[in-house]
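Have a look below at one chain only, the form predicted alone, in structure tokens format.
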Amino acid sequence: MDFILEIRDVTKTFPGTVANDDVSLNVRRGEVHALVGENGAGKTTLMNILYGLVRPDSGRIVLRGADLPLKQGFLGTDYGIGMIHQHFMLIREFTVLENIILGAEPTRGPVLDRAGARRKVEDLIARYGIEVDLERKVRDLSVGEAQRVEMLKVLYRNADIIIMDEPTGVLTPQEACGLFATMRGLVADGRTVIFITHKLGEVMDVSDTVTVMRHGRVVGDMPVGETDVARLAELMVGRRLDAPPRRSGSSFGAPVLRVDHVRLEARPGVKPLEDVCLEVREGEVLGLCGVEGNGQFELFEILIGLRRPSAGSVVVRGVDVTRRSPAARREAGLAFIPPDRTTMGLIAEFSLRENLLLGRQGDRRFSRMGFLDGEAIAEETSRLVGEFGIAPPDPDARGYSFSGGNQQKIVVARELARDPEVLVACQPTRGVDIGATRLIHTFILGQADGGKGVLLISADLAEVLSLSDRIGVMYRGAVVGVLDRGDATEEKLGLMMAGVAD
């Protein structure tokens, strides 16, 4: 076999955790090799070792027939390895072009050849169709645009092994197809792609080989043609999964959330939102989808009170909360699942107990005469850990020590513990494994079944289609249409997300 990469008996431990336990796998030259597993299975740690960001405790990695210097340390880019991280490695104050060429700046004599660098990047943009404004600063980019910058960084450095960590989470179905075509083009050029994803359908669509990890070990390795989605899911979680939850027919009550003619002008000439109108009713899940960067995040910030709209109003159960603080909106019955759990949902240095209490520390149930009631807090922590399946159940464990899926469970548990009237969930399962995703979906549907209103903002069309009663589509800061679930398909929604509507 023509293996370009051989990982042999790699073990890596962190305090209290065995991230990789005697892991071995082989990757063939010129293939798309999928790596799947639940959050915390060890996938990203293994790829960080391959890229040189983490040193293993033991084991070998053989690349193109030669051992990588694991003990001495190395940088993957020096060995033709590129990595597109799930959490981006970009400098916010630099422009897109500056981020792409950083560390690999071409020079003409002693002077930076900026024009030459720009031509090379523009050639990559044209070749692979990865559109992004090279002069914009990264701080002004959407999540999807920032991911494109990461992709261009890797291609600019001519990596022949490209690691992609959850690259389709912010793409429309049409864009995902375009990415898959790009991946096949890279493979046709002789490059190798290692593809980390939670979307098992993508594994079947684009991969040649799939490796499954669970609890830090490899539990399956096979050609894609010899398996199916159900078998992969069972290997990932170690048990047969129930059918994914889907929205059943329901009756709806009075409006609980209204967004009336909301506009936002971020600065002169830049209008992220244009006359947005939405209504969520009791017992309803309203899905809102769109490619990242079309105003969804700005709308979320307005709903939770981090931004003030230039015009329009936000009304919760007949009460105008447009100019109220986030805390006052919570008192009015709103709860929020933010799109980025690491920066908006949790405080990494806080314990599990403290993160579950955030925003409720003044509640009479948990404080008496200005002092926190440790016994009541411990009881609430134990209840939420059990109800939401948070692991490990250690109330003193720090936020950063939890896997992505369990971090998201902490956020969801805290928000639903408020018993809100309206849940605004923005990308609630991004980067979350299949088991945690199904659990979170069940809790979201439980809110609607209990007569609460849910606004689900997601770029995952399968998620929107399975959970929503109605589906709105955002494009360039406006809602370009709202469809009943029975009239919506991935193809139709994808076209609307791209600005092509009936």
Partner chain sequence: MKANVRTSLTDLVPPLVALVLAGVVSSVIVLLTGESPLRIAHVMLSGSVGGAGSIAGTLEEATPLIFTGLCVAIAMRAGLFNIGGEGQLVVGAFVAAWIGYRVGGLDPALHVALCIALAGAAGALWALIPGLLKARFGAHEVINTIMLNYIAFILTNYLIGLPYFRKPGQIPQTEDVLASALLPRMTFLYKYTRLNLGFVLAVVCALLVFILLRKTGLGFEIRSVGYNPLASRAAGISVVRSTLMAMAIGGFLAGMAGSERVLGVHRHFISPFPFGYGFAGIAVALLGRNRPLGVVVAALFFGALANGGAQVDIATTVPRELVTVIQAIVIIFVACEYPIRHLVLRRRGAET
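Positions refer to the first chain, counted from 1. Please read these numbers as outputs of a predicted model, since none were measured by experiment.
Beyond what is shown, the protein has a form predicted in complex with its partner chain; the following relates to that form.
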Inset, instruction - Answer for D228 alone: is it within 4.5 Å of its partner chain in the predicted bound form, judged on heavy atom distances? - result: no
Inset, instruction - Please check if L278 has a heavy atom lying within 4.5 Å of any heavy atom of its partner chain in the predicted bound form. - result: no
Inset, instruction - With heavy atoms only and a cut-off of 4.5 Å, decide whether R330 touches its partner chain in the predicted bound form. - result: yes
Inset, instruction - Mark S310 yes when one of its heavy atoms lies within 4.5 Å of a heavy atom of its partner chain in the predicted bound form, and no otherwise. - result: no
Legend entry - Contact stretch among 301-309, 155-163, 181-189, 111-119 - heavy atom within 4.5 Å of its partner chain in the predicted bound form: 301-309
Inset, instruction - Could you spot which one of L232, A176, L357, V96 gets a heavy atom to within 4.5 Å of its partner chain in the predicted bound form? - result: L357
Inset, instruction - Let me know the one among V262, L346, V385, V193 whose heavy atoms come within 4.5 Å of its partner chain in the predicted bound form, would you? - result: L346
